[in-house]
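One chain is shown next in structure tokens, namely the form predicted on its own.
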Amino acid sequence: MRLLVCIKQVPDMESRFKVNSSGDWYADADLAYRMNEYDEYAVEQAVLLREQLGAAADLTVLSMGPDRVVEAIKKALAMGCDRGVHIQDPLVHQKDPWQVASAIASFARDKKFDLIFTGMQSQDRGSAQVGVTVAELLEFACATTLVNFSYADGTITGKRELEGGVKGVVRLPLPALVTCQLGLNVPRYPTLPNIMKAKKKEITSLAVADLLKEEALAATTSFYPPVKKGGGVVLEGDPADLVVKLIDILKDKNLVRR
């Protein structure tokens, strides 16, 4: 069985973000990067299936972006993927979900993948469109937001997370694509021996221009942080005095009756 897992490298969400000079994305200076959280669940599930199938499976990890995304690919290799593919694109932030999906589908179309894993969405753009669009372009069966996964006899059985805590069970024939949600599994930490083994695994680099022929269907026109609101007031001193001060402040703001 030929397996593909698609990952994205995103800024650590604890980073301090600033808008870039062109106003269409964040400035990447001084940011720390990591594998997208939802993609970690996708990698873990792909590796679990790879382990279940043994020699009958082959697992490729793919990422699109600038040179730094190779670090995310190496982590996936250390987690258990067999080989990596890097679609080189230093301007990936300017590509809309349609273009990203088109590039991935262009790579995958003649590779005869049986099953593709992606994260539910990326933590930076959050469109949740890439995975399902890849499935549509490849004419694969598709199930989203999986929180449980099993495979047997050519059929995937998955549990999907729906609104209000409701779960839905789906069955899909191969070829298929699934998107992975929080709760599906617990991603493993790469061990030192596996990190060393990953250094010997193949990473193929491809130019995005060789795969992407589609124009954008949507463009980001502006990118800005939320408007700052007034700061809070810190009261210090004896608790009895603070009660009086607090009541006076609330009265001044017409939040309590005088």
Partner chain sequence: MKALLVGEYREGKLLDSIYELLAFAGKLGAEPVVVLVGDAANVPRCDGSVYLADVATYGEYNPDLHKQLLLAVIHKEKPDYIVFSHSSYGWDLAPRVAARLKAAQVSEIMGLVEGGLEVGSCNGKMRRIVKPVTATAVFTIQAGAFAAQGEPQGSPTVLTLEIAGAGKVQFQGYEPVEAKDVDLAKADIIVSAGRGVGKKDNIPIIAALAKALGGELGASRPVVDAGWVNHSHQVGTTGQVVSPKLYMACGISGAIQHLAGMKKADFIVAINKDRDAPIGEVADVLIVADLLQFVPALTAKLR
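Predicted, not measured: the structure shown is a model, and the values here were computed from it. Residue numbers count along the first chain shown, from 1. Rigid core here is just the name for the largest C-alpha set that superposes within 1.5 Å across the two forms.
What comes next is about the form predicted together with its partner chain, which is not displayed.
- Proximity of Lys112 to its partner chain in the predicted complex falls outside the 4.5 Å heavy atom cutoff.
- Although the partner is absent here, Gly232 lies within 4.5 Å of its partner chain in the predicted complex, judged by heavy atoms.
- Taking the partner from elsewhere, Leu206 is found to have every heavy atom lying beyond 4.5 Å of its partner chain in the predicted complex.
- Taking non-hydrogen atoms only, Lys159 approaches its partner chain to within 4.5 angstroms in the predicted complex.
- In short, of 69-77, 103-111, 129-137, 83-91 it is 129-137 that has heavy atoms within 4.5 Å of its partner chain in the predicted complex.
- Exactly one listed residue, out of Leu192, Leu217, Ala56, Ala32, brings a non-hydrogen atom to within 4.5 Å of its partner chain in the predicted complex: Leu217.
- Looking at 155-171, the residues that come within 4.5 Å of its partner chain in the predicted complex, counting any heavy atom, are Lys159, Arg160, Glu161, Leu162, Glu163, Gly164, Gly165, Val166, Lys167, Gly168, Val169, Val170, Arg171.
- Positional change of Gly237 between the shown form and the other one reaches 2 Å or more at the C-alpha, relative to the superposed core.
- After superposing the rigid core, the Cα of Asp248 is displaced by 2 Å or more between the shown form and the other one.
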